[in-house]
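Before any questions on how it binds or moves, here is one chain, the form predicted alone, in structure tokens.
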């Protein structure tokens, strides 16, 4: 493993690289570098080596299927090579195709999402999603909109969301996470990102997302998730659910209080009942259809 790959992996593990899309892209880069630097000339040993590398990358964010799908995408194509030289060539070609698909899908999702927003609307978002911010910035360029974002405790990813939107000229207001119900009466729609989407259309996303969706549903506010198809988790077809990552108690209590326990889940699950639709590169998809659309799209 090269020093460059080690740095990428460290940054993923320590959340210096955030957002499922950016993590998947960084993992693809690290994987490709490792393939190029491999010294073995034995195809079987080579495949075993890159599969082990893939597992290491997946383990860094085991709850994010986008990384798993990305690594599987690469390996399924690399396996078609007969020699190590062919496999390395396929890896380079796959990375180019992957990067092209990523860029194209990002543009499509941005356009579809911005088209959902009307003139004068107020949109609520949670945590930090590059895709959601792109949608909001594009909508702002053509319409008069307002955005409310949560600060997103305990890591405060909402601060990055607010800064990026403000820098782009968007009218943005930040609230504490617990003020969701207070502001929902002035919200026209909610758009959040996604870490994972299950076979039945449930959404895994930053802790607090489910609460927002429930409040939005109770107050008749449409709730959308903007996500690439690669965030669909195929293992959920067989009844296995994505694990909820439990993060360090120190994120909440840097200085422990004697006798006080801390539970710090990174994600929660939003029932498809509360989701109007997913905004994807394949279009605006209702939760009940997302699995079939995703599986057909990924096969291409």
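Small disclaimer: the values here were computed from a predicted structure and weren't measured. Numbering follows the first chain given and starts at 1.
Another form exists, predicted in complex with a small molecule; not displayed. Remarks below refer to it.
The closest non-hydrogen atom of residue 135 lies beyond 4.5 Å of the small molecule in the model of the complex.
Although the partner is absent here, residue 20 sits close enough that one of its heavy atoms falls within 4.5 Å of the small molecule in the model of the complex. Using a 4.5 angstroms threshold between heavy atoms, residue 130 counts as touching the small molecule in the model of the complex. The small molecule is not drawn, but in the model of the complex it has a heavy atom within 4.5 Å of residue 194. Looking at the small molecule in the model of the complex, residues 15, 61 and 231 each place a heavy atom within 4.5 Å of it. From the list 135 to 143, 68 to 76, 205 to 213, 164 to 172, the contact stretch for the small molecule in the model of the complex under a 4.5 Å heavy atom rule is 205 to 213.
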